[in-house]
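The chain below stands alone and is given in structure tokens; this is the form predicted on its own.
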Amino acid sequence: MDQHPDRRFGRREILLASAGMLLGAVTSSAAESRSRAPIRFGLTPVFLTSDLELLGRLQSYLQQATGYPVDLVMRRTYQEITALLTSGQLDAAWICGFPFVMHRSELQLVAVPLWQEKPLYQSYLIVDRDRQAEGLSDLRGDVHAFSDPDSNSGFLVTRAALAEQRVRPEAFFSKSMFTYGHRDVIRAVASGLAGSGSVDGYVYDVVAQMEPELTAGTRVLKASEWLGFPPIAAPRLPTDADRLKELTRALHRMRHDPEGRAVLGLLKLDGFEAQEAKLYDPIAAKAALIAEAG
């Protein structure tokens, strides 16, 4: 018979305490692991994907500003990034106004870039610099370069303008192609591979400033009305609310941070701000027009 019951109870206490400490350590480790899960931020091939310095500095700023590791996820098409976003495989993505309005019930608006201090941009119709043409009607029979079937500026605007004339691209142009990049639309027109093209006005103007030799052989035939700038969106039900909150804060504060301003300088943007989804109603109207036209 044990003559020291208090000693036996002490051993039991020690064992229970040890088990509790172990469980606490496991729980703490799991929580710490969750906190280290990276922010997955998607980028479409609008303008940035070939600029390694820009991508590196963007990733560095977001990591420093959010306190999370950041994975920049890039794909060739808008559709691929949108699919990852709506399925919850991305925390947020910089997409286009067209997929945003098409998936509005599944997405929330995180931030909108400011270009020339406005959350707006235009679509350009571009042609050879020396071509005698005054508007869309002069491009009938062209080989025409679009950027992406889910691009507002690189497809939807021109497609809607044709729908207003009750004509489809395949009946208006002799041939159309998708380059899957706005720079490549410019290249196609500049090289004569295409007679005309639909391109993001922000991209065209920035390329004209940074790579004037690329746009030198082209000119803007027509600019659209001002439309909502390609937004940063997230799933309506966030993958992780804390990660999204920190990412949103980092984007909105970017213009107030020295490293953030350096990134914005590379992008030729002025900052990011909160906006209401109604900013994209004119794009939704164009999408509805095309849907009605069939």
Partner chain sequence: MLTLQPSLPITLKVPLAVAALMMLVGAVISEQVLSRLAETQERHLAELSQSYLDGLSSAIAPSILREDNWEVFDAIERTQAVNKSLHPKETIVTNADGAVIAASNPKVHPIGTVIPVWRARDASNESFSFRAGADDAKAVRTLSYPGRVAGIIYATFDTRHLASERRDVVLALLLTNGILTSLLAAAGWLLVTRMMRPVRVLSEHLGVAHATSALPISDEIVAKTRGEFGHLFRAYNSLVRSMKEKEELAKRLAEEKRLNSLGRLASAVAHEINNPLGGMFNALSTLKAHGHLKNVRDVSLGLLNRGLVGIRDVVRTTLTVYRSDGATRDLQHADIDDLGLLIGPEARRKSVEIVIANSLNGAMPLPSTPIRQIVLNLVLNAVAAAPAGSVVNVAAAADDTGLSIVVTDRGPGMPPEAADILLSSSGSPPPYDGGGLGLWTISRLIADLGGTAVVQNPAIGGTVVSVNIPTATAELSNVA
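Positions refer to the first chain, counted from 1. Just so you know, these numbers come straight off a predicted model, no measurement behind them.
One more form of this protein, predicted in complex with the partner chain, exists but is not displayed; see below.
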query: Candidate site Gln63, Asp71 and Asp91: all three near the partner chain in the predicted bound form by heavy atom within 4.5 Å; finding: no
query: Sole residue of Gly141, Pro149, Gly192, Gly135 within 4.5 Å of the partner chain in the predicted bound form, by heavy atom; finding: Gly192
query: Listed residue that, although the partner chain is not shown, lies within 4.5 Å of it in the predicted bound form (heavy atoms), from Arg168, Arg104, Arg76, Lys118; finding: Arg76
query: Non-hydrogen atom contact Arg187 with the partner chain in the predicted bound form at 4.5 angstroms; finding: yes
query: 4.5 angstroms heavy atom contact with the partner chain in the predicted bound form for Thr215; finding: no
query: Asp128: touches the partner chain in the predicted bound form, heavy atom cutoff 4.5 angstroms; finding: yes
query: Partner contact for Met177 in the predicted bound form: the partner chain, 4.5 angstroms, heavy atom; finding: yes
query: Candidate stretches 78-86, 179-187, 151-159, 199-207 - the one whose heavy atoms come within 4.5 Å of the partner chain in the predicted bound form; finding: 179-187
